[in-house]
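What follows is a single chain, given as C-alpha cells, in the form predicted alone.
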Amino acid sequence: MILLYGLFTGILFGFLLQKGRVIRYDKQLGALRLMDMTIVKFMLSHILVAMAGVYLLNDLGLVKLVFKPTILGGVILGGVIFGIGWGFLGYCPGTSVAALAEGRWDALWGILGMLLGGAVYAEAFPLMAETVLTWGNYGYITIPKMLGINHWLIIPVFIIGGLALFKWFEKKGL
C-alpha cells in the first residue's frame, strides 16, 4: 500500500510540474539566471504546504518524523553535483522525469546520469562514510529545536516570509 501512495503522489507531483509549466526549458534557464522565479515559487509553495502538513500529521499521531543528521560535507558536495547537472542539462531530477513523460527525449540523458550517479554513490559510500560524510556533522537539528520553541511558532513565520517573498517576486516581475 505504501508503494501505491508513492506512485499516486509521484503522478500528482508530475501533473503539477506540468501544469505549473516548470518543466519548460525557458523556465529552467530563467531560474538558473535568476530572471524567472517560477520554479522557486513553485517549490517554495510546496515546501511551505508540506512543512505545515507534515507537522500537523505528526502532531495528530498519523506519522512519525524521523530526522537525518545535518552533515555539511555531504550537503555541499551533493549541492555542487546537483547544480552542475542542472546547469548542463537544464532539468533537475523531478523535471527531467516529467519532461521525458512529455516526450522530451533530451531529458533521458539526465535520467541516465541520475542512475549512473546513484551507482557511483553506492560504490563510493564506504569511502565517503569515512570522509565527506563526517565533515560538519551537526547531528539531528531543526530550527525549532535550535531555538528551543514549539514548531508552531516557527511555521507561521516561514509562511509569512514565503508570502512576502512571493509578493516581492511579483513586484519585481520575476
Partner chain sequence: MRTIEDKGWSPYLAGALSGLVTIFSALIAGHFLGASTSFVRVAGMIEKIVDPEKVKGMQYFVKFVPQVDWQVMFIIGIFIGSLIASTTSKTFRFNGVPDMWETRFGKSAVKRGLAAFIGGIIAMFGARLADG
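By rigid core we mean the largest C-alpha set that fits within 1.5 Å across both forms. Note that the coordinates shown come from a computational prediction; the quantities given were computed from them, not determined experimentally. Positions refer to the first chain, counted from 1.
The following text describes the form predicted in complex with its partner chain, which does not appear among the structures shown.
For the chain shown alone, Y138 is not a contact residue for its partner chain in the model of the complex, no non-hydrogen atom being within 4.5 angstroms. The shortest heavy atom separation between G117 and its partner chain in the model of the complex is within 4.5 Å. Proximity of P144 to its partner chain in the model of the complex: non-hydrogen atoms within 4.5 Å are absent; the residue sits far from the partner. The closest heavy atom approach of L34 to its partner chain in the model of the complex falls outside 4.5 Å. Taking its partner chain as positioned in the model of the complex, the residues of 88 to 106 that bring a heavy atom within 4.5 Å of it are, in sequence order, F88, L89, Y91, P93, G94, S96, V97, A98, L100, A101, E102, G103, R104, W105, D106. Relative to the superposed rigid core, R24 undergoes a CA displacement of at least 2 Å between the shown form and the other one.
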